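This document starts with one chain, in the form predicted on its own, laid out as structure tokens.
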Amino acid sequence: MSKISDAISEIQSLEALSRGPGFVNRLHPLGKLLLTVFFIAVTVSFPKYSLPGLITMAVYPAAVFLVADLSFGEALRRLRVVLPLVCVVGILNPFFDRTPVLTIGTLAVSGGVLSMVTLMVKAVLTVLAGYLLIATTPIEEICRALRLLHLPKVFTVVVLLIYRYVTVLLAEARRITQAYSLRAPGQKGVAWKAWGPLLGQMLLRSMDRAEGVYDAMLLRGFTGEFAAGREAKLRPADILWPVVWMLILLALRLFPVTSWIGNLFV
């Protein structure tokens, strides 16, 4: 039950963080969404052996962490489950590509090891970019940006409802597990024989709650689309922030910046 409560608390704290008064939070959601997609596309476009150039892409998440006053340690704590999973994508590369491609002192680094590290760095950077978007932009604003890109209305409504009411489902799960623990004192976890009835009860309670939520939405004038997000006019910062960063990221991708920096110290 404590894990469910922690999950609910994490979602609520992340939602509160996205509604903060910071500079990045006040930017137009469309620019932040396009910049995030552009950053991910440029990051994954690096070849499998281009680790030095890929590391320079970390300048964008580092800058957002500083400008938005976000905690990097808190981000790693919240992504502690996702990051290990995405980092194991290329864990078998060292076994298939054993050709030495780099020498560090007397140590020869194979192409498999280098490509594995490159894939891990790509995974970490892309996950951090998605986290920064969610941590600085409320879900209503993200869905509004998706609608401005003419994505299907059904898709944006489903995304918004899933994110908004996942806490309702978690709260139902917390009530059921709490009731079970009160009826089975001293027992650790839920017995496997009780999983079927408990899941059935959760399904029925979720369906009842969904009907109540939908009736409330209809009474409040829901017609199939949310009028979510604040309709604010574009400011110069809303355009300059994504455009300047796109140019910086494009320059880091096209030019050997790391080689130029290395030549300055040689």
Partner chain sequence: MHMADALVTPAVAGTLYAASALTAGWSVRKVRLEDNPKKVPVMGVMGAFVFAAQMINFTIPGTGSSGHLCGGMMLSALLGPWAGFLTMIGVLLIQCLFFADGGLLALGCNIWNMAFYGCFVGALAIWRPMMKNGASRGKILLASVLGCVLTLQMGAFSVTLETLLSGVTELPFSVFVAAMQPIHLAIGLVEGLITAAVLIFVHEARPELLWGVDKTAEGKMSLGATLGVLGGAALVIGGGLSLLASSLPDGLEWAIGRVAGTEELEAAGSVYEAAGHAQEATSFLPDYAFPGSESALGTTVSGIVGALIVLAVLVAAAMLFRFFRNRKKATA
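Residue numbers count along the first chain shown, from 1. Rigid core: the largest C-alpha set superposing within 1.5 Å between the two forms. These figures come from a predicted structure and were not determined experimentally.
What comes next is about the form predicted in complex with the partner chain, which is not displayed.
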K3, L133 and L169 each touching the partner chain in the predicted complex (heavy atom, 4.5 Å): yes
Contact stretch among 56 to 64, 234 to 242, 36 to 44, 23 to 31 - heavy atom within 4.5 Å of the partner chain in the predicted complex: 36 to 44
Partner proximity in the predicted complex: F72 to the partner chain, non-hydrogen atom cutoff 4.5 Å: no
The partner chain contact in the predicted complex: V81, any heavy atom under 4.5 Å: yes
Contact label in the predicted complex: S206 to the partner chain, heavy atom within 4.5 Å: yes
Partner proximity in the predicted complex: P100 to the partner chain, non-hydrogen atom cutoff 4.5 Å: no
Neighbours of the partner chain in the predicted complex among 119 to 140 [non-hydrogen atom within 4.5 angstroms]: L119, K122, A123, T126, V127, L133, I134, I139
Threshold 2 Å Cα movement between this form and the one not shown at I134, rigid core reference: no
Shift of K48 between this form and the one not shown at or above 2 Å (CA, core fit): no
Post core alignment: D208 C-alpha displaced by 2 Å or more between this form and the one not shown: yes
Cα separation of E15 and L83 in the predicted complex versus here, shift of 3 Å or more: farther
In the predicted complex, whether the C-alpha atoms of L83 and G20 sit closer or farther than here (change of 3 Å or more): farther
